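Next comes just one chain, in structure tokens: the form predicted on its own.
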């Protein structure tokens, strides 16, 4: 069993508002913050929690498609804008579609483990409301194999991909029970988001959330097997945190009570040119979760908090099965049992997840880790869950593309 050679910690987490439709202050006709403003807000929100930014050794920033959404590349060059102390520090940009944030976490962690840095400022960002949704769908299609899939693909490329997964799942495990589980997932995520002032769905006022979630899919206006409530929204935002060694925590003036520890991880990449082996399974997610369990000697029974990549409601259900929390084909029933609720056995996405909080694609994995910091250190405020002392670990899964780029990480409160 592979073990880390030393302890690695995360601290100083910060999320911007997930901005887009659903927020009362959002108006597509009015000027909105640019990508550099989001990077700066998130970075400063993190470093204000430390003693002196000059003690940060490196920077890592994750993003998917700024070059197309914002016509901006070279994003690592925005890190010195956060604070003059970061000028001339080494910084790196990473990309792995919707799993970009997970790659930023792994890159930062490995840098600390290598002894080349005692602390790494880690930022994830995406700004997507620069184009209409239909054009954005084409940009996001770059998370798949564009050359072989895009020409014949649906106008709403990725919703169609997961609609196809849902359709096969309906056939195998039943339409009604699956749709019910998906609608309950939507209801749970919006209820969670209503507890989180920074969530995109914080202002959601739909009275019958389950009824909305049960809206029959309409292939004439969208995709065959999903409705609009099954989908995460187009979002702008950023998240930041700091990875540190034990020495790094001391240099930054961070008390261990304000930090969490990485106890293990799993990272997997699947062949982008191949279609899913089984549409009813997230096999790459499963492999990444298994690697994390093997490294730590832990299993689902030890996890008291879960952050999964629910880009669509069906994805949340498939992720529960892939990570071993629900039996194959029983994911919808697991949601119906109430175990994933805010006050359930395994609170899942308590800040709203991608469905409720929003999905600023290249930053989502970092946001998931920030929420794990806040939950495990008791700083989640309105969306703070009560952790079971017998299940003190948190697990997050960051997924890119159609289950192609996946990072799973397991954390515990620092001691």
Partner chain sequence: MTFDERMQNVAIIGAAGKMGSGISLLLAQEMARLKNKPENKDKNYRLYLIDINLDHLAGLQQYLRAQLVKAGEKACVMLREMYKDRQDLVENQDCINQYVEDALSFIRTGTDLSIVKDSRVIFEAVLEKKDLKVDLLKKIDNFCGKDTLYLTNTSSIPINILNKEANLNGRIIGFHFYNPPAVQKLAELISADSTIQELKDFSMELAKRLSKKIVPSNDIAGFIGNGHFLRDGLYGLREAKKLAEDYSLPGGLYIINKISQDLLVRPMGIFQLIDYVGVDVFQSISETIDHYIQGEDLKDDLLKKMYDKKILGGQKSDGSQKDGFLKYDRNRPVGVYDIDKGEYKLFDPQGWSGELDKKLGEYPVGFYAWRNLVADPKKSDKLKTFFQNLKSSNTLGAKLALSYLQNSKEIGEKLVKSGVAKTAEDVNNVLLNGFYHLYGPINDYI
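Values in this document were obtained by computation on a predicted structure and should not be read as measured data. Numbering follows the first chain given and starts at 1.
The following text describes the form predicted together with its partner chain, which does not appear among the structures shown.
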Answer among 335-343, 315-323, 216-224, 191-199 for heavy atoms within 4.5 Å of its partner chain in the predicted complex: the stretch 216-224
Taking 164, 170 and 172 as a possible spot, do all three reach its partner chain in the predicted complex with a heavy atom inside 4.5 Å? no
Checked 153, 276, 300, 177 for heavy atoms within 4.5 Å of its partner chain in the predicted complex; positive is 153
Quick one: of 228, 113, 272, 137, which gets a non-hydrogen atom within 4.5 angstroms of its partner chain in the predicted complex? 137
Does residue 44 reach its partner chain in the predicted complex, with heavy atoms at most 4.5 Å apart? no
Any of the heavy atoms of residue 132 lying within 4.5 Å of its partner chain in the predicted complex? yes
Just to confirm, residue 146 within 4.5 Å of its partner chain in the predicted complex by heavy atoms? yes
Its partner chain contact in the predicted complex: residue 32, any heavy atom under 4.5 Å: no
Going by heavy atoms, what in 46-79 lies within 4.5 angstroms of its partner chain in the predicted complex? 68
